[in-house]
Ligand code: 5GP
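In the block that follows, a single chain appears as structure tokens, in the form predicted on its own.
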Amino acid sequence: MKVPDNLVKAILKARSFLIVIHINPDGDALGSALALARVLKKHMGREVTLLNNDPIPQVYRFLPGWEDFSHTLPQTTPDVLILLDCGEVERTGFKNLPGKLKLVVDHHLTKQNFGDIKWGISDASSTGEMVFNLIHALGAPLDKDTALCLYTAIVTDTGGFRYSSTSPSSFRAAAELLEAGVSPWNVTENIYESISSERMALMGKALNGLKRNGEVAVISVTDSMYKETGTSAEDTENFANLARSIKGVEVAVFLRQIGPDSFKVSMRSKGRVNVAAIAEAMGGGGHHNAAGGLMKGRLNEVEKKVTTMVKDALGSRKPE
């Protein structure tokens, strides 16, 4: 994975940085940002501010440095603004992000044109793998805590090395991170083996309401379900993948209520449908196999509309 020379030179030249990630942060965004910030501060002596609009999910609070995230814009203008794991300012939840030079490091498909220097690899397994290569290009070492953050980023965005975006380079990066001292079980236990009883109850309610229409399966989480189970939006981490595991389902849809008549739509495909194209039609985006957007309407209306969009995409796919 070749890191652009102008990106490396821009980072080496700068003294102060603002690193910003997307709303509803996941393991890839958090791990990538924490790893890059640690290297810039500890090993390169730079000033770094981490910025995120939302609380850090409990499941990722084992990552070293998670408390360093600020939720308010800095008063001064840094030499460099870096958008990590997203390519548009709108995805950060902020406006007019400061930075004399603006960089983007992301592995999502985007049509936006933000940034003075953009490094995007849409078929990369994760932004974490990109940052792993960037750190090497900067000539910085990989200490245990940095490796832990990067391993978490790669593991979560590859689904434990199960997704089609996983490549030989993903495993090579993981091997080097283990050699730096990462314990795979530590990461697995914190992310996948520490589910609260409340989250499990919410998962049960969501699966109990699953609706299947041929190759499409839809599950939903509403405000009333949060109230009944004592949970919140952060307890829905990875819910979008639940229905995809059903035999015969090609596309799984997860609807998460975010307002009286508003839903966050997350779609997961097994590979034969480009859900990013569907997401773009609702003002969103993502990858071929994982994408999402927002949709207005009552739950039954949104379920029907999204199912129709996916069914149309399934019907128009090319024969294998």
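Every value quoted in this text rests on a predicted model; they were computed, and no experiment measured them. Throughout, we count residues from 1 along the sequence that is shown.
One more form of this protein, predicted together with this ligand, exists but is not displayed; see below.
Only one segment in the set 66 to 74, 288 to 296, 47 to 55, 31 to 39 has any non-hydrogen atom within 4.5 angstroms of this ligand in the predicted complex, and it is 288 to 296. Although the partner is absent here, D145 is not a contact residue: none of its heavy atoms lies within 4.5 angstroms of this ligand in the predicted complex. Heavy atoms of E88 reach within 4.5 Å of this ligand in the predicted complex, making it an interface residue.
Mapping the unseen interface onto this chain, S266 counts among the residues with a heavy atom inside 4.5 Å of this ligand in the predicted complex. At the 4.5 Å threshold, heavy atoms of R244 stay clear of this ligand in the predicted complex, well away from it. Checking K102, R199, H108, K205 for any heavy atom within 4.5 Å of this ligand in the predicted complex turns up a single hit: H108.
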